[in-house]
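As a starting point, one isolated chain is supplied in structure tokens, in the form predicted alone.
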Amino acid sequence: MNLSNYQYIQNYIGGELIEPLSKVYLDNINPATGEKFGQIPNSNSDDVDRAVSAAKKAFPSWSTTTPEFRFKILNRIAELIDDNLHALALAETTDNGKPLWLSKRVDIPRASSNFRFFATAIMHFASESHSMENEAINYTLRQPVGIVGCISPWNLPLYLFTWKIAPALAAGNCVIAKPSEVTPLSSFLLSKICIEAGLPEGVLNILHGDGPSCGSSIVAHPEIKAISFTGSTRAGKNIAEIAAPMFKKLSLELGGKNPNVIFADCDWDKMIKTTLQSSFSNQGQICLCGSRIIIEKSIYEKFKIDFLAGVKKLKVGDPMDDASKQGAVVSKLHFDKVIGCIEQAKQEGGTILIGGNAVQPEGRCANGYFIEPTVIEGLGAHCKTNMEEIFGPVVTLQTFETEEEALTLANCSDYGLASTLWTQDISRANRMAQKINAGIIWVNCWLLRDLRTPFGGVKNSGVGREGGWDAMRFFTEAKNVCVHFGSDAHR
């Protein structure tokens, strides 16, 4: 796969790569250079209709294939992702601005793992039965929903795209999928992989375009029966307003403002190393990043010294350079937002301990969208900076003296996606884990993921759960069958 061949990418509908019916395209910008390097379709409702027609044609056959058949196809896709690791990682970095080493180490291997995991899951997916005291047997059928919509974000493009597509396909659904228009390239390459893997025509359809033109048309289409979305809370609210009156199944994985709570008895060296990662991985553009660091007051000054020393070592630069620990943020629009949030923090009385500025690397990246890792102290728990998601390389520091105060600070956000706890006291860890309002709690670690576990948040962080059996259940409908044994008893 040579990226020079993909400056003008296409939709994938009915097993073919085709242009949008309107022939309207959007510019694709490399955030590390600020330069246009291609164009993508801006699909609309006509393209969605075309994709739905292809999916309807494919569904009767695909939904009744054996789990073994689906396993072979999905596992072959996983193998081809592995075989094309370098090209896919280069696409991800070119689109997103993240370091190439990160794309190779995390994003693309996780995409193949998603397909491999759910290919295997369908081989073991089972349902329940219930016996009624010699009168009847009830058993549950798990049947595919039908045609489903999967809409994924720009921060982990192929990683999260496959996280939705793989279980939907494994369960026997046909899929209309839309990657972010900001980072479409790896999803286009996935289209070519699906063709090579022998995925039947129309089973997966990938449409490119923006939210108002393409995404809204997918959500509103009456024959698309379920929507799985990852993105902003604002967009999730808009999707729910459209889909809920149509009684579509909804899975919404939305924003986060995650607390990282550090007690004095933590494993210090491990905590510092991991907190640097949980603060600034992928330029802080991961919904699971710990953007509010809450530190026990007795260790606060020591934490600042060691943490800031680590931040100083995070080189910001060309994502193609293996020495760069921080790449570009994803777009000029997002760059302006993050810089604006840093200015807002200053106006609220925050002190910038390190960072806070744009970076202009030398050479090809001189016009790219780079921001220094930024650490801010002196802000109250309820200020805008500590309440609203920034989604960039920006963290705030707060202190606490008691466990109760730590819990209050952790829970004061309107979000509830994830939290990290650092303590060697197992009783305290369990107490806190039960009381923190979040869907995921990491104790003495961060982003340690078992794909069998439920993934999702509470409050403004979304509705539903992804991963493992939760994903398989979302993409199926439960049907109870009650078989009477033939006695004269009535029910």
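Treat the numbers as computed from the prediction; the structure is a model and nothing was measured. Numbering starts at 1 and follows the sequence shown.
There is also a form predicted in complex with a small molecule; it is not shown, and the following applies to it.
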Assert contact_stretch over 104 to 112, 132 to 140, 176 to 184, 79 to 87 against the small molecule in the predicted complex, heavy atom within 4.5 Å, equals 176 to 184
Please check if residue 372 has a heavy atom lying within 4.5 Å of any heavy atom of the small molecule in the predicted complex.
no
How about residue 210 - does it come within 4.5 Å of the small molecule in the predicted complex, if we only consider non-hydrogen atoms?
yes
My question is simply whether residue 275 lines the interface with the small molecule in the predicted complex - judged by any non-hydrogen atom within 4.5 Å.
no
Any non-hydrogen atom of residue 157 within 4.5 angstroms of the small molecule in the predicted complex
no
Note: exactly one of 167, 256, 327, 149 sits with a heavy atom within 4.5 Å of the small molecule in the predicted complex, namely 256
Checking 297, 234, 72, 302 against the small molecule in the predicted complex, the residue with a non-hydrogen atom inside 4.5 angstroms turns out to be 234
Within 4.5 Å of the small molecule in the predicted complex, all of 216, 219 and 229 (non-hydrogen atom):
yes
